[in-house]
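One protein chain, two forms: both are listed below as structure tokens, the first as structure 1 and the second as structure 2.
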Structure 1
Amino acid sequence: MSKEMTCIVCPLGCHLTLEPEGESFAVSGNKCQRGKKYAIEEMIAPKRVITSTVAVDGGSYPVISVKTQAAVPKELIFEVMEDLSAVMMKAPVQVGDVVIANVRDTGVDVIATRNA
């Protein structure tokens, strides 16, 4: 049974069709290999980059924006958000500072995306 999705890797938004093929999927409709990789990963082990905010003590702003440096497994989103809600950074904070190293043992750091 085929599955359809829209690729979100780039602004083209290719309309993808996936057909089961053994342990993986045959992908059509993609205009690049990144679209094929995205579609297969989305079916087998979906991941997302998480963006949020954390509190800052003594900074120019009460909160700053943060993000994961890479995508993390989709099923960990709520746990990562819970971890972020408990963070209180101490100013000064610079863009790129690690907020949480190796969040949830994913090998991915959460970093600051704003100075404070």
Structure 2
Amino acid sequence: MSKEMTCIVCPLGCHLTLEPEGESFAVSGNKCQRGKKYAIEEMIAPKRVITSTVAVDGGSYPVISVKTQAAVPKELIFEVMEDLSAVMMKAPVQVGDVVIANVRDTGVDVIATRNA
């Protein structure tokens, strides 16, 4: 049975069609290879990049923005959010500084996306 989905990799939002093909899927409608990777991942183990904020002491604002450096399993989103709420960074912080290393054993770091 074929499945349709909208690619969320970039704002182009390609309309994807997946057809079962052996153990995996044949993807059509994608304008780039990342779309194919996304579609198959979405069927097997959906992942998302998480963007949020953490508290910072001594910055020009009380929080700074952060992101997971790569997509992490979707079901861990709220656990990662819980970890982030416990963080208090100390200024100065540079873009790219690690906020939480290997968050929830995903092998992915949470990094700052803003200076403080």
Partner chain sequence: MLKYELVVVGGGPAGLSAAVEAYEQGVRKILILERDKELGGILNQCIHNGFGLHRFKEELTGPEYSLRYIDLLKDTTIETLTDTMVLEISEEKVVRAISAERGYMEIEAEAVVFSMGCRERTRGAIQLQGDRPAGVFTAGTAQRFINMEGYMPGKRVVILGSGDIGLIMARRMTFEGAKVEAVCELMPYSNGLTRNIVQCLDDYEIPLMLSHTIVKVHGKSRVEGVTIAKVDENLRPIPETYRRIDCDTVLLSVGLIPENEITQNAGIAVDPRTSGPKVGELRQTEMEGVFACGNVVHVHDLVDFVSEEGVLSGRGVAKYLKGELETTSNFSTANGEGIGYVVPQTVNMSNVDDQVTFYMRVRSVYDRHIVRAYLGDTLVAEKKERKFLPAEMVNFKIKKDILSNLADGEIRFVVEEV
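Rigid core: the largest C-alpha set superposing within 1.5 Å between the two forms. Each residue is numbered by where it sits in the sequence of structure 1, with counting from 1. What you see is a predicted model, and the numbers here were worked out from it, not measured in a lab.
Between the two isolated copies of the chain, the first is the form predicted alone. When the rigid core is held fixed, the Cα atom of Pro20 travels 2 angstroms or more between structures 1 and 2. Shown in the overlay between structures 1 and 2, fitted on the rigid core, is a CA shift at Cys10 of 2 Å or greater.
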